[in-house]
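Here we start with a single chain on its own, the form predicted alone, put down as structure tokens.
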């Protein structure tokens, strides 16, 4: 059979899109498609082209629809693209809907029995006999389901112009030394490639042309980057409870710890990792370990933070350090566990009841996921408090290209910790005394030689000597000092990053919204609307943030939640400037794209 690739009329004569396209693959969860999609992504990456991947998967184990988007960009844009130039349709349950949503002129690779070519006339259809090809290339019928997807990798590679040797290398890397699996998958891929060469004419819609943009880069996800940062930071205690999309952070930490955190003499682990009965217990482990002097952490998502909030409030009030990774997903309640959202901004900023203000770090790329994870433990001990590192499913679980991480050069900052001699010489030491005027007190650690390191305090009222007190003046003094400590943190947290084009109109965003904002800023500028962009990287707001919001006529706050939670924090912090802040929102569970930002800002500008 020879398939026709006659370009539909909307694209006839159109210029070939070189290293600038998006592919959407529609399959079934549990079918092995994740391996195939990652191989295709990595092959493009190895061709020297900027590429990113987004996996939209269901929260069940197997059987429901899943979509994987691969974006190649010569300009380095890595946000999700609102349109797709190629579709690969392997799921009969969603194929008709996928066709209905397809962009005009898209190439559509599909399983031949689906007979999709009659549904629309403005698409380029490529029916492929997948079962015939997999039967011929794989001698073991029970493995057909798993290697079938590699057929489309081969077909797509031929159509796009991807070097088959790069595909083979990508398969070998993905399957890591599993000789039989590598051979089976490579054979299936070659079968698809050869079939396309024999049966399909060349197409000029989209192409991959070898480049050198990815030389020296790596592909990694944010959960792995955070796990590595924690490992380098010297974590010795992990208390956790599994939850999507945060589980792989601790699971990856465990893998690295098994290799790099063993006593060389005994072979025993030097890290205590405990899966607790629930999230609240996990938070208790983290803070108890921090009180005792260990560097401790947990990884969770919004529902887990909600359950941990009682202990987090205790940690804030008694001033026990610990690091809490929140890989956010949609809410409320169980929400959509496998969809992304910046849904916990206000939750993490003020977690627990009463007056609390927490230091939050917002990494926006893989290097920052690593570095901010490392820095979070210094901040936790310097400020003797729970620290949130806030990412989301998009940053945490998706594939991102990145420069290799810089080896940390600075020593650990353990903060104001009294040693044996200082404790022995102390005349009037109080655990909650503000000696230096910065709101940060000196602490001691249980087990310090001399017997003076341990102290007792509680989550109820206490004075500066950690003694129980219900006196109003003692309570006010403690909580006012905690606020002063939070103000001190402004000079210690990461400063924002600027991308200014010379405008009195500002865009403010954070975390995983950054790639889409960069692209949107360029699109707006090309259309004549220049903006200055500030990427927020931490709470509390620093002096640079103060200056930015003061000087701008309008500030568009881009975030991925319904209620404009970050914008609300800005309006609360700068009440006199409240009308400046305009919310640009995206909250459907998909990663944010540039088009939605451009459309909303243009709508504001036209009012």
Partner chain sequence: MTTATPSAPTNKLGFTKQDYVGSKSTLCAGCGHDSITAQIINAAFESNIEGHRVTKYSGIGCSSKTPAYFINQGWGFNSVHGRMPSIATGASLANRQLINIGVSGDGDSMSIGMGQFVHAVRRNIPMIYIIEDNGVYGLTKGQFSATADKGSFLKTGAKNELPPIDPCTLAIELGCGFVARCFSGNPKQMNTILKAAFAYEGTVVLDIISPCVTFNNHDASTRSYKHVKDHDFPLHDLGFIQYSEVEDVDIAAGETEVVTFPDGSKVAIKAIHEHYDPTDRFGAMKAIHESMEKGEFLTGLLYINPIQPPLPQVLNLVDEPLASLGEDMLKPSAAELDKIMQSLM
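Numbering follows the first chain given and starts at 1. Quick caveat: nothing in here was measured; it's all calculated off a predicted structure.
There is another form of the same protein, the form predicted together with the partner chain; it is not shown, and what comes next is about it.
With respect to the partner chain in the model of the complex, the three residues 218, 269 and 411 uniformly fall within 4.5 angstroms at the level of their nearest heavy atom. Within this chain, residue 498 is remote from the site of the partner chain in the model of the complex, having no heavy atom within 4.5 Å. The partner chain is not shown here, but in the model of the complex it comes within 4.5 Å of a heavy atom of residue 311. The partner chain in the model of the complex comes within 4.5 Å of a heavy atom belonging to residue 42. Taking the partner from the other structure, the partner chain in the model of the complex has no heavy atom within 4.5 Å of any heavy atom of residue 110. The stretch from 273-281, 336-344, 137-145, 203-211 that comes within 4.5 Å of the partner chain in the model of the complex, counting heavy atoms only, is 273-281. In summary, among the residues 94, 457, 131, 422, the only one with a non-hydrogen atom within 4.5 Å of the partner chain in the model of the complex is 457. Scanning 475, 486, 465, 405 against the partner chain in the model of the complex with a 4.5 Å heavy atom cut-off leaves one residue, 405.
Along 289-312, residues 289, 291, 292, 293, 294, 310, 311 each place a heavy atom within 4.5 Å of the partner chain in the model of the complex.
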